[in-house]
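The chain below stands alone, shown as structure tokens; this is the form predicted alone.
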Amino acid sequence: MEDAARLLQLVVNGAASGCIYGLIALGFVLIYKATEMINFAQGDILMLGGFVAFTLIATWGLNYWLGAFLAVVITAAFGFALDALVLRRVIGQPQFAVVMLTLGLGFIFRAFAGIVWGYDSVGFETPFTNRTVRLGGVVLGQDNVSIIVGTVILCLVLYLFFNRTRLGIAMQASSQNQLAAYYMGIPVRTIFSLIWAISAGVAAVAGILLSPVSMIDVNMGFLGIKAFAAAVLGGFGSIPGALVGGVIVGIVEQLAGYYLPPGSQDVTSNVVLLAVLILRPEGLFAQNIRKRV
């Protein structure tokens, strides 16, 4: 019975971590589906969103919910401006140029965060900090439960947005066929900037949800590496795949950290990535539909 309770706790903790990976991977996928660009600075945008929330909530003393909402809005606006002013200039350039640009932006974001907020880890109180919920004989932290619940709610909101609103449908049309969307009167460039804004906002949500579990620091953007593995596992270009891949990576990490020798947890995502590339390079939820532009 004790082993079953321990296993359940590991799975819940892993699912919580996996939800964070999945949300970052979701940003990868949204941008890739629209522009065929891979944003390797996505994890660093999560870091910036976490620091913005820290400033609003811990430094300025705003209510948690208001501060979190404003942090998401500010980070989304930053994502919109980033595409409109910088990244739009490299659309159509070789992928190598895009990769180097986004990697360089990640270094810039980390340096900026270090200058503004310092290199020490920081955090802020949330309604879920140091609270637990009992599920049968298992005691779970509300922080981990809040990550899972928050991810489910966010995914439901995004599903309704993309499938029930005119703007969301326009975004889908633009990502599937840019030329046809342009001829139908859809402002494709603005739509792409809005997709970058949504991706940045999702990253900010992940950073805020992660704050009760892990302190905010300039290096937390390296979670993007694990999220990239999750996106590849799910099938790069598949939104449900990104989330499922993230949860799988998170659970495997937790199980490896408990049942395997020390240090195994740190390399699990890389092992999963290599295994997927060898056994099923198209991912679990591969999409064979090609974009026509």
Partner chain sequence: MRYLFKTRYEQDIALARHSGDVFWYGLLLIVLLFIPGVLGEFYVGELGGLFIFAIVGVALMILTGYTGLVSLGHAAFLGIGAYTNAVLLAHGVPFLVSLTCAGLLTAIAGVAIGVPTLRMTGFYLAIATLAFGAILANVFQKWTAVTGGFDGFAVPTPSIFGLRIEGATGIYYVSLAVLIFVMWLTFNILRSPMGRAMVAIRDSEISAQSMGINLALYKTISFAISAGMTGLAGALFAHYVRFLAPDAFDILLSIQFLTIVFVGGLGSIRGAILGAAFVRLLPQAIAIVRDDLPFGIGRMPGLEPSLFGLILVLVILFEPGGINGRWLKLKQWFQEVPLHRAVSFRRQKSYARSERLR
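Positions refer to the first chain, counted from 1. Being a predicted model, the structure only gives us computed values, none of them experimental.
The next section is about a form of this same protein that is not shown, the form predicted together with the partner chain.
Colleague: Just to be sure I understand the contacts: of Leu140, Cys155, Met100, Ile169, which is the one whose heavy atoms reach within 4.5 angstroms of the partner chain in the model of the complex?
Modeller: Spelling it out, the residue with a heavy atom inside the cut-off is Met100.
Colleague: Report the residue, out of Val149, Ala84, Val90, Met215, that has at least one non-hydrogen atom within 4.5 angstroms of the partner chain in the model of the complex.
Modeller: Selected residue: Val90.
Colleague: So if I measure heavy atom distances to the partner chain in the model of the complex, which of the stretches 242-250, 37-45, 50-58, 66-74 falls within 4.5 Å?
Modeller: One stretch meets the cut-off, namely 37-45.
Colleague: How about Ser193 - does it come within 4.5 Å of the partner chain in the model of the complex, if we only consider non-hydrogen atoms?
Modeller: Output for Ser193 is no: heavy atoms all beyond 4.5 Å of the partner chain.
Colleague: Contact between Arg189 and the partner chain in the model of the complex at 4.5 Å, heavy atoms?
Modeller: The answer is yes: Arg189 has a heavy atom within 4.5 Å of the partner chain.
Colleague: Taking heavy atoms and a 4.5 Å cut-off, does Ile225 contact the partner chain in the model of the complex?
Modeller: Ile225: contacts the partner chain in the model of the complex.
Colleague: Using heavy atoms and a 4.5 Å limit, would one call Leu105 a contact residue for the partner chain in the model of the complex?
Modeller: Looking in the model of the complex, residue contacts with the partner chain include Leu105, since a heavy atom lies within 4.5 Å.
Colleague: In the model of the complex, do Pro127, Leu135 and Tyr259 all put a heavy atom within 4.5 Å of the partner chain?
Modeller: No, none of the three is in contact.
Colleague: If you look in the model of the complex, which residues in 173-188 sit within 4.5 Å of the partner chain (heavy atoms)?
Modeller: In sequence order, Ser174, Ser175, Gln178, Leu179, Tyr182 come within 4.5 Å of the partner.
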